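Quick heads-up: it's one chain on its own, the form predicted on its own, in structure tokens.
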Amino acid sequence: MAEFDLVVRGGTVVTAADKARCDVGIRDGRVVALAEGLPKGKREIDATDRLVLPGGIDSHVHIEQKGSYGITSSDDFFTGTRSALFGGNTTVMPFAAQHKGQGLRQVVEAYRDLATPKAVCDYAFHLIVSDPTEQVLGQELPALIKDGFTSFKVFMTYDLMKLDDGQMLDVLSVARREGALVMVHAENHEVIKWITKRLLDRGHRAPKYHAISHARLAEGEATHRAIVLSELMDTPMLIVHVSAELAMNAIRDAQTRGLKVYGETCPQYLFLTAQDIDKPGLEGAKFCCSPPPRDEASQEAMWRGLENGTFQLFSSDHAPYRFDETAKLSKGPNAHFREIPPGMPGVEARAALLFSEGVRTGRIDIHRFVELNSTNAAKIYGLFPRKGTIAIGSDADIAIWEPDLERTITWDDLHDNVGYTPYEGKKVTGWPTIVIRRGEVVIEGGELHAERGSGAFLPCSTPEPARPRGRFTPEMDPARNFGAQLVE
């Protein structure tokens, strides 16, 4: 009888810390051996001259989610997770989104009912808290955290989603008490609202004005304010989808002062600019997301944040809306920029874009790539070491990369349900061609080999996230956690 169900043989195995040419022995869905010359398995994969990397974790995606515009994203849990697998991701983390009047438990059960029969990669859920009632804060949220929903997102903008500062403090107090992590969409709602009104009053309706209305100052101010609330409560906080240098600098400053503040950026802020939104008619609607892409200087700033450790996470913020009357054009051919649902696809191209423009150009090394693609998300969200690494006892989630494979990104070759990609025509070098999920080969030969519903739900634990890299001082300002003292 073969000792292993599967052996990945002769590749270069890379984790966030180590690199070695060795075989990977897999049994019962887990890694059980890492060594040269392992005995033969029931199945063998020759990984010579290839990179054997942990499966990607895209920790910020929107799948089959009804947004604040009343429109459900265009990928369901089959097409969205299928696309994730083809991009080398073995785990995704979508959102269970609460809307006003809904109970959180009701929301979670509805999203799990959508995912269970369809998902083909593993998944954990973040919560979105938009209605923090006494029932939600006192009973539902603490109970869900204990059930493995240990991170939740709050919004500082959007009429139907935003929380005021007092509500954010209430949510932060629960997170502190229960050991959870608060994720923040940080944009100043009133600034965006004020600019939008004046643009529309002057007849400026085209998609390009979406970028103008979401001023980088609005992002910077809200990021600073969110960090102040986190500091008051001495509660970990993650600022998501950062696009502007002002916001990035606020995160970096907080980290330098020793605060538990983390940052995330996305491909659209490295590879797109506001010029992409400025297209004839409504074509620019394809590139509308919030915050919007900025300019080339902002792109360089985001790269700098990835290089120096300000950003721990690189996620797609996959928010797939078709360019038709079901989504982006739901308000008709004469819609103004405020009527266009913000969001764009990216889960399948995310890792390849970072590998090609990061590792291949020398901006980041392969270990930093693994951190950003897999390991940091697993650690921050309580999935490590089950996920995010290749180690004895970890789930056998592996992406085998052809580091020299050249591809041109085109939607015809992708596997989502969106109908376009914002990265159309982008040339990349390096792509995952074989993907293994819990020991099962699920992508090979350009084909999906996973049954609908074979993805597993992952409850998350509540570890203290590792501190971001940077200069830290051990002293704590007595005023820093004054708010925390009031809730203990």
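Start at 1 with the first residue shown and count on from there. It should be emphasised that the depicted structure is a prediction, and the values quoted were computed from it without experimental measurement.
Beyond the structure shown, there is the form predicted together with a small molecule, which is absent from this document and is the topic of what follows.
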> Considering the small molecule in the predicted bound form, which of Lys153, Lys260, Lys162, Arg176 comes within 4.5 Å of it through any heavy atom?
Replying inline: Lys153
> If you check Ala211, Ala319, Ala378, Ala180 against the small molecule in the predicted bound form, which one has a heavy atom within 4.5 Å?
Replying inline: Ala319
> Tyr158 near the small molecule in the predicted bound form, any heavy atom under 4.5 Å?
Replying inline: yes
> According to a 4.5 angstroms non-hydrogen atom cut-off, is Arg82 in contact with the small molecule in the predicted bound form?
Replying inline: no
>> Please tell me whether any heavy atom belonging to Gly284 falls inside 4.5 Å of a heavy atom of the small molecule, as the geometry stands in the predicted bound form.
In response: no
> Quick one: does Asn188 come within 4.5 Å of the small molecule in the predicted bound form, counting heavy atoms only?
Replying inline: no
>> I need the one stretch from 433 to 441, 62 to 70, 30 to 38, 417 to 425 whose residues put non-hydrogen atoms within 4.5 angstroms of the small molecule in the predicted bound form.
In response: 62 to 70
